[in-house]
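Have a look below at one chain only, the form predicted alone, in C-alpha cells format.
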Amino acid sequence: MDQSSIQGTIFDIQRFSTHDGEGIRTNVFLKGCPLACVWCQNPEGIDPKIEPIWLPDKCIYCKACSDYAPAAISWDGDNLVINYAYQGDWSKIIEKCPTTALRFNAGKMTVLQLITELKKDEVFYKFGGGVTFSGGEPLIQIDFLELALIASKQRGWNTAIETALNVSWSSIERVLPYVDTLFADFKIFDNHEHMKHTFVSNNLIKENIGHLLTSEFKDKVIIRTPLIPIYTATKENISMIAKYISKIYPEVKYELLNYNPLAISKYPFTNLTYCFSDMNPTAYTNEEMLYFQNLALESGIRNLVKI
C-alpha cells in the first residue's frame, strides 16, 4: 500500500491534548463508527459520510449559498436549512460562502499528507508526547490507520488508538505491533442495555477484550468506561465490568472517565438528539469519582488509572 494514495476520512485534528496518552499529543479523529451511543461525545464522527454543516456563529447571512443553490439551501427565519438529499456539487456551493460558515464536516487526507501535518507538532513528541488516533472508530479505516501508525513509528513517535472494539479481531491484530497504548471502551456490561443505548451488541466487544487481555500485548491495553449518568455510571455496571476484565487478566489497567457535559454543544450541527437534551448533568465531583473508583477496586481491579 502506498502512503501517497491510501486516503482516510478525518473530521478533526486536535493539538496539545494531555488526556489520551503520554505527554502532549495530537489527536487525529477518523470518521465513521459502528456504534451510535446516545451520549456520544463526538456525534459528528458517527456517520462515515462527508456532509456540509452550517456554523451560525460564523454566518453573516449574505445568503450567497441559497441564492446560488436554492434546491440545496433554504432558510427558516435566521436558521439555514440543509437539504441533505441534494445530489449536486456541494463544493461549489461551499465556495460561495465568504466566511466558511458553510463547510464540510470532514475531509480526505493521504497518509503522507497527514504525516506532513503531524510533523508540525513533532517537537512535542520528543518529551513523551505522540499521536493518538480516535474517532469515530479508527479501526474501520484499517488500511489508512495501519499505514499511518507504521509511518508514525518510523519517525519514532509514541502512538495510541482509542477504540470501542466492535470490529474484527483481524483488524485489531494488524495494528497492535505499531501501538504503544490501546484505549478500549467497555461501556455497558449487560448486552440488552448495551444494544438499547449503543444500537449494537457487546458480544464482539467482549470477545475482543478477551483476545487482548490474553495476548502478548495485554500490558499495552487500558480498558475505559465513560461515566454517563443513568446509562453507565451505576454500581452494578462498574462492578460487573471490573470483575469481568480482572478475571481475564488480574493486572489489567482500568480507567473511569468523568462525564463531559460539553458534548451537547455539538449536537445542533448533526441530525442527532442528545440523550440529555432536557437537562444536562454536570461532571462528577472528586468525591463522586472516588466512589466509582472504589467500586472498581472492590471488584478486583488492581491497576486503576487516574488522571
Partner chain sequence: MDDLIMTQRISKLKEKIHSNVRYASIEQAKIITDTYRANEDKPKIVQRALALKASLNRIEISIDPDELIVGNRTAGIRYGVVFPEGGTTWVDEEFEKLPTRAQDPFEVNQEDIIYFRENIKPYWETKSLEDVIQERYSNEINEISTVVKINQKDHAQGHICPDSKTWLAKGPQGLLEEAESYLENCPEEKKDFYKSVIITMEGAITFIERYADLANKLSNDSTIANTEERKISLIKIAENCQHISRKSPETFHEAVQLLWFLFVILQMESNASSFSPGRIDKFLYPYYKKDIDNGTITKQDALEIVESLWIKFNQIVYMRNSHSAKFFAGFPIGFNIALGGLDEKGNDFLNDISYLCLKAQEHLGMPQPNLSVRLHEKTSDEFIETAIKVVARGSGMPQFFNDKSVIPALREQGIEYVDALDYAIVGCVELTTQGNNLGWSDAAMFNLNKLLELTLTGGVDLLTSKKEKYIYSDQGDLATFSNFAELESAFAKNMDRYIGLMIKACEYVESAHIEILPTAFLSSVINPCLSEGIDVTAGGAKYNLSGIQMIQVANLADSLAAIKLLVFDEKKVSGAEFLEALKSNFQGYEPLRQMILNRVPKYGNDNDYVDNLGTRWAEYFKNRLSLYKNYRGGNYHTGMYTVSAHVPMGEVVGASPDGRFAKEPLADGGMSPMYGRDLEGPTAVLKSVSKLDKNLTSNGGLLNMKFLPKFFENEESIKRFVSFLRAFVELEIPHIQFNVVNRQDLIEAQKDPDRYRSLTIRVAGYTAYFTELATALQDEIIARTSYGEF
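Just so you know, these numbers come straight off a predicted model, no measurement behind them. Basically, rigid core = biggest C-alpha set you can superpose within 1.5 Å across the two forms. Positions refer to the first chain, counted from 1.
The same protein also has a form predicted together with its partner chain, omitted here; what follows describes it.
Report the residue, out of Gly210, Pro98, Pro177, Gly107, that has at least one non-hydrogen atom within 4.5 angstroms of its partner chain in the model of the complex. Contact check passes for Pro98.
Taking 4.5 angstroms as the heavy atom distance cut-off, pick the stretch from 169-177, 87-95, 143-151, 191-199 that is near its partner chain in the model of the complex. That would be stretch 87-95.
Heavy atom of each of Pro52, Lys266 and Phe269 within 4.5 Å of its partner chain in the model of the complex: Negative, none of the three is within 4.5 Å.
Consider Lys120 of the chain shown here, and say whether it contacts its partner chain in the model of the complex, taking contact as heavy atoms within 4.5 Å. Contact check for Lys120: yes, within 4.5 Å of its partner chain in the model of the complex.
Taking heavy atoms only, is Glu288 within 4.5 angstroms of its partner chain in the model of the complex? Contact with its partner chain, no.
Considering non-hydrogen atoms and a 4.5 Å limit, does its partner chain approach Met240 in the model of the complex? Result no; Met240 lies far from its partner chain in the model of the complex.
Contact label in the model of the complex: Glu298 to its partner chain, heavy atom within 4.5 Å: Because no heavy atom of Glu298 falls inside 4.5 Å of its partner chain in the model of the complex, the answer is no.
Across 46-79, which residues bring a heavy atom to within 4.5 Å of its partner chain in the model of the complex? Stretch hits, in order: Lys58, Ile60, Cys62.
Kindly check if the Cα atom of Asp67 is displaced 2 angstroms or more between this form and the one not shown relative to the superposed rigid core. Comparing the forms between this form and the one not shown, which are aligned on their rigid core, Asp67 does shift its C-alpha by 2 Å or more.
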